[in-house]
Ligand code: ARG
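A lone chain, given as C-alpha coordinates: the form predicted on its own.
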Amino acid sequence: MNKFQKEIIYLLNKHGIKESILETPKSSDFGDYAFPCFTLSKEFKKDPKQIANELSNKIKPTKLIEKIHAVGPYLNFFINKTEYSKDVLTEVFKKKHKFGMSISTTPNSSARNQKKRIMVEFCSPNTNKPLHLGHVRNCVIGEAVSNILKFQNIKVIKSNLVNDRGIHICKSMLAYQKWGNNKLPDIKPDFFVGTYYVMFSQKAEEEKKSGKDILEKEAQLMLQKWEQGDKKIISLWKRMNSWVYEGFNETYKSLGAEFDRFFYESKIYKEGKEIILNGLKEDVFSKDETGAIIANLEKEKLGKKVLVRADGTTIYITQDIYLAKLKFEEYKLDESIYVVGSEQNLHFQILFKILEKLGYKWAKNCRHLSYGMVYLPEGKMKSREGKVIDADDLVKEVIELARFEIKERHKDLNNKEVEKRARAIGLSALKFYLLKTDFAKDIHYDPKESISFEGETGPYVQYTYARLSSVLRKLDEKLDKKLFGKTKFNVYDEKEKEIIRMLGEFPEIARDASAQLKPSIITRYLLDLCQKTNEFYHANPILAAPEELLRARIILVHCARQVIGTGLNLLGIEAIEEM
(Lines give C-alpha, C1' and ligand atoms only; values in the text may rest on other atoms or scores of the structure.)
Protein backbone atom coordinates (compact mmCIF):
# COMPACT_ATOMS: atom_id res chain seq x y z
CA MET A 1 0.00 0.00 0.00
CA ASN A 2 1.49 3.36 -1.02
CA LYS A 3 1.26 6.61 0.91
CA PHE A 4 -1.56 7.91 -1.28
CA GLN A 5 -3.74 4.89 -0.51
CA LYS A 6 -2.88 5.25 3.17
CA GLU A 7 -3.88 8.92 3.05
CA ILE A 8 -7.25 8.08 1.46
CA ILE A 9 -7.97 5.38 4.05
CA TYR A 10 -7.00 7.81 6.81
CA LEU A 11 -9.45 10.39 5.44
CA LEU A 12 -12.23 7.80 5.21
CA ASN A 13 -11.54 6.52 8.73
CA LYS A 14 -11.61 10.09 9.98
CA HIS A 15 -15.20 10.32 8.72
CA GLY A 16 -16.37 7.14 10.41
CA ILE A 17 -15.68 4.62 7.65
CA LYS A 18 -13.69 1.76 9.16
CA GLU A 19 -13.62 -0.73 6.31
CA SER A 20 -12.35 0.89 3.16
CA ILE A 21 -11.48 -1.17 0.10
CA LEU A 22 -10.12 0.93 -2.74
CA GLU A 23 -10.49 0.17 -6.43
CA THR A 24 -8.60 1.48 -9.45
CA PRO A 25 -10.92 3.12 -12.02
CA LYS A 26 -10.64 1.81 -15.58
CA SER A 27 -10.21 5.37 -16.86
CA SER A 28 -8.02 8.06 -15.28
CA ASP A 29 -10.88 10.48 -15.98
CA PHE A 30 -12.56 8.98 -12.92
CA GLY A 31 -9.57 9.53 -10.68
CA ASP A 32 -6.69 7.40 -9.47
CA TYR A 33 -8.55 5.52 -6.75
CA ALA A 34 -12.23 4.93 -6.10
CA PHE A 35 -14.14 3.96 -2.97
CA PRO A 36 -17.44 2.11 -3.65
CA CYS A 37 -20.16 3.21 -1.22
CA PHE A 38 -22.46 0.20 -1.70
CA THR A 39 -21.33 -1.44 1.54
CA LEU A 40 -22.28 1.67 3.55
CA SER A 41 -25.88 1.73 2.37
CA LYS A 42 -27.17 -0.64 5.05
CA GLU A 43 -25.19 1.00 7.85
CA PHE A 44 -26.09 4.60 6.96
CA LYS A 45 -29.56 3.66 5.65
CA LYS A 46 -29.04 5.80 2.60
CA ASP A 47 -28.66 5.36 -1.15
CA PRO A 48 -24.95 4.80 -2.03
CA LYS A 49 -25.08 7.72 -4.49
CA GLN A 50 -26.22 10.03 -1.69
CA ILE A 51 -23.47 8.73 0.60
CA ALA A 52 -20.83 9.38 -2.08
CA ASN A 53 -22.09 12.94 -2.60
CA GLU A 54 -22.14 13.72 1.11
CA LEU A 55 -18.61 12.37 1.60
CA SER A 56 -17.31 14.38 -1.36
CA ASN A 57 -18.52 17.55 0.37
CA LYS A 58 -17.10 16.58 3.77
CA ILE A 59 -13.65 15.27 2.86
CA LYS A 60 -11.26 18.09 1.97
CA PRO A 61 -8.21 17.85 -0.33
CA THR A 62 -4.75 17.49 1.20
CA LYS A 63 -1.20 17.83 -0.03
CA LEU A 64 -1.34 14.28 -1.42
CA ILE A 65 -5.00 14.22 -2.53
CA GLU A 66 -5.81 17.07 -4.90
CA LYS A 67 -9.50 16.41 -5.57
CA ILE A 68 -12.37 14.27 -4.27
CA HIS A 69 -15.31 13.80 -6.61
CA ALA A 70 -18.46 11.65 -6.47
CA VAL A 71 -19.61 9.79 -9.57
CA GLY A 72 -22.72 7.73 -8.94
CA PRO A 73 -22.09 5.41 -5.96
CA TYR A 74 -18.31 5.91 -6.18
CA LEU A 75 -16.15 8.40 -4.33
CA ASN A 76 -13.21 9.15 -6.60
CA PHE A 77 -9.84 10.46 -5.45
CA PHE A 78 -7.34 12.36 -7.62
CA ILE A 79 -3.82 12.24 -6.24
CA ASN A 80 -1.00 14.80 -6.53
CA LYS A 81 0.66 13.60 -9.75
CA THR A 82 3.89 15.52 -9.17
CA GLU A 83 4.35 13.95 -5.75
CA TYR A 84 3.38 10.54 -7.13
CA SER A 85 5.83 10.84 -10.04
CA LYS A 86 8.67 11.70 -7.72
CA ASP A 87 7.85 8.82 -5.35
CA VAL A 88 7.53 6.15 -8.04
CA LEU A 89 10.59 7.16 -10.04
CA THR A 90 12.74 7.54 -6.94
CA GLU A 91 11.72 4.10 -5.72
CA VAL A 92 12.41 2.44 -9.09
CA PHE A 93 15.80 4.18 -9.28
CA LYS A 94 16.80 3.17 -5.75
CA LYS A 95 15.54 -0.43 -5.80
CA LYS A 96 16.48 -1.21 -9.42
CA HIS A 97 15.64 -4.88 -10.21
CA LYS A 98 14.17 -5.27 -6.72
CA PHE A 99 11.43 -2.72 -7.40
CA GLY A 100 8.13 -4.52 -6.94
CA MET A 101 9.70 -7.35 -4.99
CA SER A 102 7.88 -8.39 -1.82
CA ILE A 103 10.00 -8.04 1.30
CA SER A 104 8.89 -9.95 4.38
CA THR A 105 8.55 -7.87 7.52
CA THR A 106 7.95 -10.70 9.99
CA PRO A 107 9.69 -9.59 13.21
CA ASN A 108 11.98 -11.71 15.38
CA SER A 109 12.39 -14.61 12.97
CA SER A 110 15.14 -15.89 10.74
CA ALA A 111 15.07 -15.16 7.02
CA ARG A 112 14.41 -18.87 6.40
CA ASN A 113 11.34 -18.90 8.62
CA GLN A 114 9.97 -15.73 7.08
CA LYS A 115 9.59 -17.39 3.71
CA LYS A 116 6.71 -19.48 2.53
CA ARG A 117 7.99 -22.73 1.00
CA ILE A 118 6.54 -23.94 -2.29
CA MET A 119 7.66 -26.80 -4.51
CA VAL A 120 7.04 -26.44 -8.23
CA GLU A 121 7.29 -29.77 -10.07
CA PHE A 122 7.67 -29.53 -13.82
CA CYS A 123 8.98 -31.23 -16.96
CA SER A 124 8.67 -34.91 -15.82
CA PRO A 125 10.09 -36.60 -18.95
CA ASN A 126 10.36 -40.26 -19.91
CA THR A 127 13.88 -41.55 -20.49
CA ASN A 128 13.11 -43.30 -23.77
CA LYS A 129 13.17 -40.27 -26.10
CA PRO A 130 14.07 -36.56 -26.32
CA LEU A 131 12.04 -33.75 -24.78
CA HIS A 132 9.26 -32.58 -27.09
CA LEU A 133 7.09 -29.52 -27.75
CA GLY A 134 4.85 -30.24 -24.76
CA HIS A 135 7.91 -30.32 -22.47
CA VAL A 136 8.93 -26.92 -23.84
CA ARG A 137 5.65 -25.32 -22.74
CA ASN A 138 5.91 -27.18 -19.43
CA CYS A 139 9.47 -25.99 -18.72
CA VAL A 140 8.73 -22.41 -19.78
CA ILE A 141 5.68 -22.30 -17.48
CA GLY A 142 7.54 -23.94 -14.60
CA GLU A 143 10.47 -21.52 -14.75
CA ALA A 144 8.29 -18.41 -15.12
CA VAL A 145 5.98 -19.40 -12.26
CA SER A 146 9.01 -20.16 -10.06
CA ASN A 147 10.57 -16.76 -10.84
CA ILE A 148 7.31 -14.94 -10.11
CA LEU A 149 6.88 -16.75 -6.78
CA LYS A 150 10.48 -16.03 -5.76
CA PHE A 151 9.87 -12.35 -6.48
CA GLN A 152 7.29 -12.44 -3.67
CA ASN A 153 9.89 -13.60 -1.14
CA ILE A 154 8.79 -17.22 -1.41
CA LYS A 155 11.29 -20.06 -1.07
CA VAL A 156 10.79 -22.08 -4.25
CA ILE A 157 12.08 -25.62 -4.70
CA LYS A 158 12.03 -26.63 -8.37
CA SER A 159 11.66 -30.37 -8.82
CA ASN A 160 11.55 -32.81 -11.71
CA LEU A 161 9.99 -36.29 -11.51
CA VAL A 162 11.86 -38.43 -14.02
CA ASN A 163 9.90 -41.38 -15.36
CA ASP A 164 12.93 -43.63 -15.76
CA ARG A 165 11.34 -47.10 -15.61
CA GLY A 166 8.50 -49.02 -17.15
CA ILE A 167 7.53 -50.71 -20.38
CA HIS A 168 8.32 -47.71 -22.64
CA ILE A 169 11.88 -47.51 -21.36
CA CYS A 170 12.26 -51.28 -21.89
CA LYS A 171 11.12 -50.93 -25.51
CA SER A 172 14.02 -48.61 -26.39
CA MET A 173 16.39 -50.87 -24.40
CA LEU A 174 15.21 -54.01 -26.20
CA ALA A 175 15.59 -52.41 -29.63
CA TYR A 176 19.14 -51.30 -28.78
CA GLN A 177 19.94 -54.74 -27.41
CA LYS A 178 18.73 -56.38 -30.62
CA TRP A 179 19.93 -53.96 -33.29
CA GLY A 180 22.29 -51.48 -31.63
CA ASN A 181 25.43 -53.63 -31.96
CA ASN A 182 26.80 -51.94 -28.81
CA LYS A 183 27.10 -48.70 -30.81
CA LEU A 184 27.89 -45.45 -29.00
CA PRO A 185 25.82 -42.30 -29.65
CA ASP A 186 26.92 -40.52 -32.81
CA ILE A 187 24.19 -37.86 -32.48
CA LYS A 188 22.75 -36.01 -29.49
CA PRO A 189 22.48 -38.92 -27.00
CA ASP A 190 18.77 -38.57 -26.11
CA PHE A 191 17.97 -38.51 -29.85
CA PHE A 192 20.12 -41.61 -30.19
CA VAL A 193 18.06 -43.48 -27.58
CA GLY A 194 14.86 -42.13 -29.12
CA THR A 195 15.71 -43.67 -32.49
CA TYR A 196 15.59 -47.11 -30.88
CA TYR A 197 12.20 -46.41 -29.32
CA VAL A 198 10.94 -45.44 -32.77
CA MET A 199 12.61 -48.53 -34.22
CA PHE A 200 10.81 -50.75 -31.69
CA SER A 201 7.45 -49.14 -32.54
CA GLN A 202 8.01 -49.68 -36.26
CA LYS A 203 9.08 -53.31 -35.87
CA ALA A 204 6.22 -54.06 -33.45
CA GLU A 205 3.75 -52.52 -35.90
CA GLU A 206 5.08 -54.74 -38.67
CA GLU A 207 4.65 -57.76 -36.40
CA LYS A 208 1.04 -56.84 -35.63
CA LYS A 209 0.21 -56.81 -39.32
CA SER A 210 1.42 -60.41 -39.54
CA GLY A 211 -0.53 -61.36 -36.40
CA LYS A 212 2.48 -61.58 -34.06
CA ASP A 213 3.39 -59.79 -30.82
CA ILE A 214 6.81 -61.29 -30.01
CA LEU A 215 8.50 -57.93 -29.39
CA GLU A 216 5.78 -56.74 -27.00
CA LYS A 217 6.15 -59.95 -24.97
CA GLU A 218 9.93 -59.63 -24.95
CA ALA A 219 9.63 -56.04 -23.65
CA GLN A 220 7.33 -57.23 -20.87
CA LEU A 221 9.81 -59.96 -19.99
CA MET A 222 12.64 -57.40 -19.91
CA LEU A 223 10.58 -55.24 -17.49
CA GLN A 224 10.09 -58.26 -15.22
CA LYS A 225 13.83 -58.97 -15.27
CA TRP A 226 14.53 -55.31 -14.50
CA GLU A 227 12.21 -55.45 -11.49
CA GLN A 228 13.95 -58.66 -10.38
CA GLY A 229 17.31 -56.86 -10.50
CA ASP A 230 18.85 -58.74 -13.45
CA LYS A 231 22.43 -57.39 -13.55
CA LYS A 232 22.72 -57.36 -17.34
CA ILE A 233 19.42 -55.54 -17.81
CA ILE A 234 20.17 -53.06 -15.01
CA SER A 235 23.56 -52.31 -16.56
CA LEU A 236 21.98 -51.62 -19.95
CA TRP A 237 19.28 -49.47 -18.29
CA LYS A 238 21.87 -47.35 -16.47
CA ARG A 239 23.94 -46.95 -19.61
CA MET A 240 21.09 -45.79 -21.83
CA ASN A 241 19.60 -43.56 -19.13
CA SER A 242 22.97 -41.82 -18.72
CA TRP A 243 22.89 -40.99 -22.44
CA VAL A 244 19.39 -39.57 -22.12
CA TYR A 245 20.30 -37.46 -19.07
CA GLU A 246 23.25 -36.01 -20.97
CA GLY A 247 20.91 -34.98 -23.78
CA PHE A 248 18.24 -33.68 -21.38
CA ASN A 249 20.77 -31.49 -19.58
CA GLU A 250 21.75 -29.88 -22.86
CA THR A 251 18.08 -29.14 -23.63
CA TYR A 252 17.43 -27.84 -20.10
CA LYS A 253 20.38 -25.47 -20.46
CA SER A 254 19.12 -24.28 -23.83
CA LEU A 255 15.67 -23.51 -22.37
CA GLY A 256 17.07 -21.98 -19.18
CA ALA A 257 15.42 -24.67 -17.03
CA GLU A 258 17.11 -25.54 -13.74
CA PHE A 259 16.07 -27.90 -10.95
CA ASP A 260 16.85 -28.13 -7.24
CA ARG A 261 15.72 -31.72 -6.85
CA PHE A 262 15.19 -34.71 -9.12
CA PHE A 263 12.86 -37.51 -8.09
CA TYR A 264 13.17 -40.82 -9.95
CA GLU A 265 10.29 -43.21 -10.51
CA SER A 266 12.69 -46.15 -10.21
CA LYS A 267 13.39 -45.19 -6.59
CA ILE A 268 9.82 -44.62 -5.47
CA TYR A 269 7.56 -46.84 -7.61
CA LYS A 270 7.29 -49.52 -4.90
CA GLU A 271 6.61 -46.98 -2.18
CA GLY A 272 3.07 -45.99 -1.37
CA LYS A 273 1.75 -49.54 -1.11
CA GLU A 274 2.12 -49.46 2.67
CA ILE A 275 0.11 -46.23 2.80
CA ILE A 276 -2.69 -47.91 0.81
CA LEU A 277 -2.66 -51.03 3.00
CA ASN A 278 -2.94 -48.87 6.13
CA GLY A 279 -5.79 -47.01 4.48
CA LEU A 280 -7.50 -50.34 3.85
CA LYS A 281 -7.19 -51.28 7.53
CA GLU A 282 -8.73 -47.95 8.52
CA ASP A 283 -11.60 -48.37 6.03
CA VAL A 284 -10.45 -45.40 3.95
CA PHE A 285 -10.25 -47.84 1.04
CA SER A 286 -11.97 -51.11 0.21
CA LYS A 287 -11.59 -54.17 -2.04
CA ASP A 288 -13.66 -54.75 -5.14
CA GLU A 289 -14.94 -58.09 -6.43
CA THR A 290 -11.57 -58.86 -8.08
CA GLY A 291 -9.63 -58.32 -4.86
CA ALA A 292 -8.10 -55.01 -5.97
CA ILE A 293 -7.87 -52.20 -3.42
CA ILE A 294 -9.89 -49.21 -4.55
CA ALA A 295 -10.79 -45.68 -3.50
CA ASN A 296 -14.54 -45.22 -3.83
CA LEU A 297 -14.98 -41.62 -4.96
CA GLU A 298 -18.46 -41.94 -6.44
CA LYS A 299 -19.88 -39.39 -3.97
CA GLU A 300 -17.34 -36.91 -5.31
CA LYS A 301 -18.35 -37.93 -8.88
CA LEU A 302 -14.85 -39.24 -9.53
CA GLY A 303 -15.78 -42.92 -9.79
CA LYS A 304 -13.79 -45.82 -8.34
CA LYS A 305 -10.02 -45.77 -8.58
CA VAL A 306 -7.87 -48.91 -8.35
CA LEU A 307 -4.83 -48.27 -6.12
CA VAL A 308 -3.37 -51.77 -5.81
CA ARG A 309 -4.21 -54.48 -8.34
CA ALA A 310 -5.54 -57.88 -7.28
CA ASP A 311 -2.07 -59.37 -7.94
CA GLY A 312 -0.56 -56.91 -5.43
CA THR A 313 1.15 -54.64 -7.97
CA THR A 314 0.79 -50.88 -7.71
CA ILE A 315 -0.11 -48.29 -10.31
CA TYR A 316 1.08 -44.77 -11.10
CA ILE A 317 -1.17 -42.96 -8.61
CA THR A 318 0.18 -45.11 -5.77
CA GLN A 319 3.67 -43.66 -6.22
CA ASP A 320 2.18 -40.16 -6.52
CA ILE A 321 0.55 -40.59 -3.10
CA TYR A 322 3.90 -41.50 -1.57
CA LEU A 323 5.78 -38.75 -3.43
CA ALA A 324 3.33 -36.08 -2.24
CA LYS A 325 3.92 -37.21 1.35
CA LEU A 326 7.69 -37.32 0.81
CA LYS A 327 7.73 -33.76 -0.56
CA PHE A 328 5.84 -32.21 2.34
CA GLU A 329 7.79 -34.12 5.00
CA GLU A 330 11.25 -33.61 3.51
CA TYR A 331 10.89 -29.94 2.57
CA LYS A 332 8.30 -28.76 5.14
CA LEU A 333 6.26 -27.32 2.31
CA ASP A 334 3.43 -24.83 2.54
CA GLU A 335 2.28 -25.70 -0.97
CA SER A 336 3.03 -28.16 -3.78
CA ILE A 337 2.36 -27.19 -7.40
CA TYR A 338 2.26 -29.73 -10.23
CA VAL A 339 2.82 -28.30 -13.72
CA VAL A 340 1.20 -31.01 -15.85
CA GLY A 341 -0.90 -31.01 -19.04
CA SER A 342 -4.69 -30.84 -18.98
CA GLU A 343 -5.02 -34.49 -20.05
CA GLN A 344 -4.14 -35.32 -16.41
CA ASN A 345 -6.87 -33.13 -14.84
CA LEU A 346 -8.88 -36.12 -13.61
CA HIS A 347 -5.77 -37.85 -12.27
CA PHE A 348 -4.95 -34.90 -10.02
CA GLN A 349 -8.54 -34.44 -8.87
CA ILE A 350 -8.49 -38.07 -7.74
CA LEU A 351 -5.00 -37.81 -6.22
CA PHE A 352 -5.82 -34.75 -4.12
CA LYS A 353 -9.12 -36.24 -2.95
CA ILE A 354 -7.37 -39.47 -1.89
CA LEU A 355 -4.72 -37.49 0.02
CA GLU A 356 -7.55 -35.64 1.75
CA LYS A 357 -9.30 -38.91 2.68
CA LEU A 358 -6.03 -40.22 4.11
CA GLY A 359 -6.17 -37.33 6.55
CA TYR A 360 -3.19 -35.33 5.32
CA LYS A 361 -3.87 -31.74 6.36
CA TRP A 362 -1.58 -30.45 3.63
CA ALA A 363 -3.70 -32.09 0.90
CA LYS A 364 -5.63 -28.84 0.45
CA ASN A 365 -2.31 -27.16 -0.38
CA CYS A 366 -1.66 -29.31 -3.45
CA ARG A 367 -2.40 -27.59 -6.74
CA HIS A 368 -2.45 -28.80 -10.32
CA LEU A 369 -1.32 -26.07 -12.70
CA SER A 370 -2.96 -27.43 -15.82
CA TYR A 371 -2.10 -26.32 -19.34
CA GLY A 372 -3.40 -27.11 -22.82
CA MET A 373 -1.80 -28.58 -25.91
CA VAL A 374 0.57 -26.76 -28.25
CA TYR A 375 0.12 -27.12 -31.99
CA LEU A 376 2.31 -25.97 -34.85
CA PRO A 377 1.16 -25.03 -38.35
CA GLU A 378 1.13 -28.23 -40.38
CA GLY A 379 4.03 -28.70 -42.73
CA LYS A 380 6.19 -26.14 -40.90
CA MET A 381 8.35 -28.64 -39.05
CA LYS A 382 8.95 -32.36 -39.16
CA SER A 383 9.41 -34.68 -36.21
CA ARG A 384 11.94 -37.46 -35.89
CA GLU A 385 9.15 -39.69 -34.64
CA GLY A 386 6.56 -38.44 -37.10
CA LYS A 387 4.20 -37.64 -34.20
CA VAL A 388 5.69 -34.94 -31.97
CA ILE A 389 8.11 -32.04 -32.41
CA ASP A 390 11.41 -32.40 -30.59
CA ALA A 391 12.26 -29.52 -28.24
CA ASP A 392 15.74 -29.03 -29.69
CA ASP A 393 14.40 -28.77 -33.23
CA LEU A 394 11.90 -26.12 -32.17
CA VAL A 395 14.60 -24.09 -30.41
CA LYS A 396 16.84 -24.34 -33.49
CA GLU A 397 13.95 -23.19 -35.68
CA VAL A 398 13.24 -20.01 -33.70
CA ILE A 399 16.94 -19.18 -33.42
CA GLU A 400 17.32 -19.60 -37.18
CA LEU A 401 14.37 -17.27 -37.80
CA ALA A 402 15.88 -14.71 -35.42
CA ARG A 403 19.26 -15.03 -37.12
CA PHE A 404 17.66 -14.23 -40.49
CA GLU A 405 15.92 -11.12 -39.07
CA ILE A 406 19.14 -9.86 -37.48
CA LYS A 407 21.19 -10.32 -40.64
CA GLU A 408 18.53 -8.48 -42.64
CA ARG A 409 18.74 -5.52 -40.25
CA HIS A 410 22.50 -5.53 -39.59
CA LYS A 411 24.45 -6.53 -42.67
CA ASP A 412 27.87 -5.85 -41.11
CA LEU A 413 27.34 -7.44 -37.68
CA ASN A 414 29.99 -10.04 -36.82
CA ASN A 415 28.92 -13.69 -36.57
CA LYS A 416 29.57 -13.98 -32.83
CA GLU A 417 27.24 -11.08 -32.07
CA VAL A 418 24.66 -12.40 -34.55
CA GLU A 419 24.59 -15.77 -32.76
CA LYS A 420 24.36 -14.16 -29.34
CA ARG A 421 21.41 -11.99 -30.33
CA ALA A 422 19.74 -14.75 -32.32
CA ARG A 423 19.62 -17.07 -29.30
CA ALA A 424 18.29 -14.37 -26.98
CA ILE A 425 15.65 -13.17 -29.45
CA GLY A 426 14.65 -16.65 -30.61
CA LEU A 427 14.09 -17.90 -27.06
CA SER A 428 12.27 -14.68 -26.20
CA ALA A 429 9.90 -15.26 -29.12
CA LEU A 430 9.21 -18.83 -28.05
CA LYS A 431 8.78 -18.21 -24.32
CA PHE A 432 6.69 -15.05 -24.58
CA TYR A 433 4.30 -16.68 -27.05
CA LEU A 434 3.83 -19.70 -24.78
CA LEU A 435 3.28 -17.53 -21.70
CA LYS A 436 0.99 -14.80 -23.04
CA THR A 437 -2.01 -17.12 -23.43
CA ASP A 438 -4.06 -18.47 -20.53
CA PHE A 439 -2.62 -21.89 -19.63
CA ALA A 440 -5.96 -23.66 -19.80
CA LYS A 441 -6.23 -22.97 -23.52
CA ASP A 442 -4.69 -24.97 -26.35
CA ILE A 443 -2.46 -22.76 -28.45
CA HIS A 444 -1.29 -22.78 -32.06
CA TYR A 445 2.31 -21.66 -32.05
CA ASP A 446 3.55 -20.05 -35.25
CA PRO A 447 7.34 -19.53 -35.03
CA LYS A 448 7.35 -16.83 -37.75
CA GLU A 449 4.60 -14.84 -36.06
CA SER A 450 6.33 -15.07 -32.67
CA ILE A 451 9.63 -13.69 -33.98
CA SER A 452 8.15 -10.40 -35.22
CA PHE A 453 9.70 -7.21 -33.81
CA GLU A 454 6.24 -5.66 -33.90
CA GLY A 455 2.96 -6.76 -32.34
CA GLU A 456 2.39 -8.74 -29.17
CA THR A 457 5.67 -10.63 -29.11
CA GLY A 458 8.73 -11.11 -26.93
CA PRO A 459 11.07 -9.49 -29.48
CA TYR A 460 8.82 -6.40 -29.47
CA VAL A 461 9.32 -6.04 -25.71
CA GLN A 462 13.04 -6.73 -26.07
CA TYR A 463 13.22 -4.14 -28.85
CA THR A 464 11.61 -1.51 -26.62
CA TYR A 465 14.14 -2.27 -23.89
CA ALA A 466 17.01 -2.03 -26.40
CA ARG A 467 15.64 1.25 -27.79
CA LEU A 468 15.55 2.81 -24.30
CA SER A 469 19.07 1.50 -23.67
CA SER A 470 20.19 3.22 -26.87
CA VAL A 471 18.63 6.53 -25.73
CA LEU A 472 20.53 6.37 -22.45
CA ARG A 473 23.80 5.58 -24.24
CA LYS A 474 23.31 8.59 -26.53
CA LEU A 475 22.55 10.87 -23.60
CA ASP A 476 25.64 9.58 -21.82
CA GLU A 477 24.17 11.03 -18.64
CA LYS A 478 25.33 9.72 -15.30
CA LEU A 479 22.31 8.75 -13.23
CA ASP A 480 22.91 9.62 -9.60
CA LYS A 481 21.30 11.41 -6.66
CA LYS A 482 22.49 14.77 -8.00
CA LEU A 483 20.34 14.32 -11.08
CA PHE A 484 17.27 13.72 -8.90
CA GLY A 485 18.13 16.79 -6.83
CA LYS A 486 18.17 18.98 -9.94
CA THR A 487 14.97 17.55 -11.41
CA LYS A 488 11.47 19.00 -11.23
CA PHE A 489 8.74 16.39 -11.51
CA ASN A 490 5.92 18.75 -12.52
CA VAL A 491 7.11 18.94 -16.14
CA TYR A 492 5.73 15.62 -17.35
CA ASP A 493 2.95 15.61 -19.95
CA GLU A 494 -0.04 13.25 -19.95
CA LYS A 495 1.72 10.48 -21.91
CA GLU A 496 4.60 10.57 -19.47
CA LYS A 497 2.31 10.58 -16.44
CA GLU A 498 0.53 7.53 -17.85
CA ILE A 499 3.86 5.67 -18.05
CA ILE A 500 4.69 6.66 -14.49
CA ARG A 501 1.26 5.46 -13.34
CA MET A 502 1.94 2.11 -14.99
CA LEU A 503 5.37 1.86 -13.39
CA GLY A 504 3.75 2.45 -10.02
CA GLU A 505 1.36 -0.45 -10.69
CA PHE A 506 4.15 -2.98 -11.27
CA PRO A 507 4.37 -4.22 -7.64
CA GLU A 508 0.63 -4.98 -7.70
CA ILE A 509 0.94 -6.66 -11.11
CA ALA A 510 3.73 -8.89 -9.78
CA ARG A 511 1.66 -9.80 -6.70
CA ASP A 512 -1.38 -10.67 -8.84
CA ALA A 513 0.71 -12.84 -11.17
CA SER A 514 2.04 -14.72 -8.14
CA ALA A 515 -1.33 -15.12 -6.41
CA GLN A 516 -3.00 -16.40 -9.59
CA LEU A 517 0.06 -18.28 -10.94
CA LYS A 518 -0.40 -16.44 -14.23
CA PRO A 519 2.69 -15.15 -16.08
CA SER A 520 0.21 -13.86 -18.70
CA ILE A 521 -0.52 -10.99 -16.29
CA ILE A 522 3.14 -9.96 -16.67
CA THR A 523 3.14 -10.38 -20.46
CA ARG A 524 0.01 -8.22 -20.83
CA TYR A 525 1.47 -5.55 -18.56
CA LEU A 526 4.76 -5.47 -20.51
CA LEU A 527 3.00 -5.15 -23.84
CA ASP A 528 0.87 -2.26 -22.56
CA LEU A 529 3.84 -0.52 -20.95
CA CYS A 530 5.93 -0.90 -24.11
CA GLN A 531 3.12 0.49 -26.24
CA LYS A 532 2.82 3.57 -24.00
CA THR A 533 6.60 3.97 -23.92
CA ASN A 534 6.91 3.78 -27.70
CA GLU A 535 4.07 6.28 -28.16
CA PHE A 536 5.93 8.65 -25.84
CA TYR A 537 9.21 8.02 -27.66
CA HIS A 538 7.73 8.84 -31.07
CA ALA A 539 5.85 11.93 -29.84
CA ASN A 540 8.62 13.50 -27.79
CA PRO A 541 12.06 14.50 -29.09
CA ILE A 542 13.98 13.40 -26.00
CA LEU A 543 17.44 14.48 -27.11
CA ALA A 544 16.22 17.89 -28.26
CA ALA A 545 14.34 18.67 -25.02
CA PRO A 546 15.42 21.68 -22.92
CA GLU A 547 17.73 20.88 -20.00
CA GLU A 548 15.09 20.77 -17.23
CA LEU A 549 12.77 18.53 -19.23
CA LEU A 550 15.69 16.44 -20.49
CA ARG A 551 16.71 15.58 -16.92
CA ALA A 552 13.17 14.49 -16.13
CA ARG A 553 12.99 12.36 -19.26
CA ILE A 554 16.36 10.74 -18.57
CA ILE A 555 14.93 9.50 -15.27
CA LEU A 556 11.70 8.35 -16.92
CA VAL A 557 13.52 6.42 -19.67
CA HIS A 558 15.83 4.81 -17.12
CA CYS A 559 12.95 3.69 -14.89
CA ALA A 560 10.78 2.38 -17.75
CA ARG A 561 13.75 0.41 -19.04
CA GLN A 562 14.40 -0.99 -15.56
CA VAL A 563 10.84 -2.24 -15.04
CA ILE A 564 10.64 -3.74 -18.55
CA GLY A 565 13.91 -5.57 -17.86
CA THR A 566 12.64 -6.87 -14.53
CA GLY A 567 9.41 -8.08 -16.14
CA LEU A 568 11.33 -9.94 -18.86
CA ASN A 569 13.56 -11.59 -16.28
CA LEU A 570 10.51 -12.83 -14.37
CA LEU A 571 9.42 -14.57 -17.58
CA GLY A 572 12.84 -16.15 -17.99
CA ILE A 573 13.65 -13.90 -20.96
CA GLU A 574 16.94 -12.07 -21.45
CA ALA A 575 16.77 -8.28 -21.75
CA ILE A 576 19.35 -7.30 -24.36
CA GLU A 577 20.98 -3.91 -24.96
CA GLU A 578 20.97 -4.03 -28.75
CA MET A 579 18.72 -5.72 -31.30
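Note that residue numbering begins at 1 and tracks the sequence as displayed. Everything numeric here is computed off the predicted structure, so don't read it as measured data.
There is another form of this protein, the form predicted in complex with the named molecule, and it is not shown here; the text below is about that form.
Peer 1: Using a 4.5 Å heavy atom cut-off, indicate which stretch of 434-442, 159-167, 179-187, 217-225 touches the named molecule in the predicted complex.
Peer 2: It is the stretch 159-167.
Peer 1: Considering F404, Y316, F78, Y264, which brings a non-hydrogen atom within 4.5 Å of the named molecule in the predicted complex?
Peer 2: For this set of options, the contacting one is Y316.
Peer 1: Can you pick out, from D392, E83, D320, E335, the residue that has a heavy atom within 4.5 Å of the named molecule in the predicted complex?
Peer 2: Exactly one listed residue reaches within 4.5 Å, namely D320.
Peer 1: Is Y74 close enough to the named molecule in the predicted complex to count, meaning some heavy atom within 4.5 Å?
Peer 2: Answer no; every heavy atom of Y74 is more than 4.5 Å from the named molecule in the predicted complex.
Peer 1: Using a 4.5 angstroms cut-off on non-hydrogen atoms, would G272 count as touching the named molecule in the predicted complex?
Peer 2: No, no contact at 4.5 Å.
Peer 1: Would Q152 show up as a contact with the named molecule in the predicted complex if we use heavy atoms at 4.5 Å?
Peer 2: Contact check for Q152: no, nothing within 4.5 Å of the named molecule in the predicted complex.
Peer 1: Whether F348 contacts the named molecule in the predicted complex should be assessed with a 4.5 Å heavy atom distance threshold; does it?
Peer 2: Yes.
Peer 1: Mind listing which residues of 116-134 have a heavy atom within 4.5 Å of the named molecule in the predicted complex?
Peer 2: Result: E121, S124, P125, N126.
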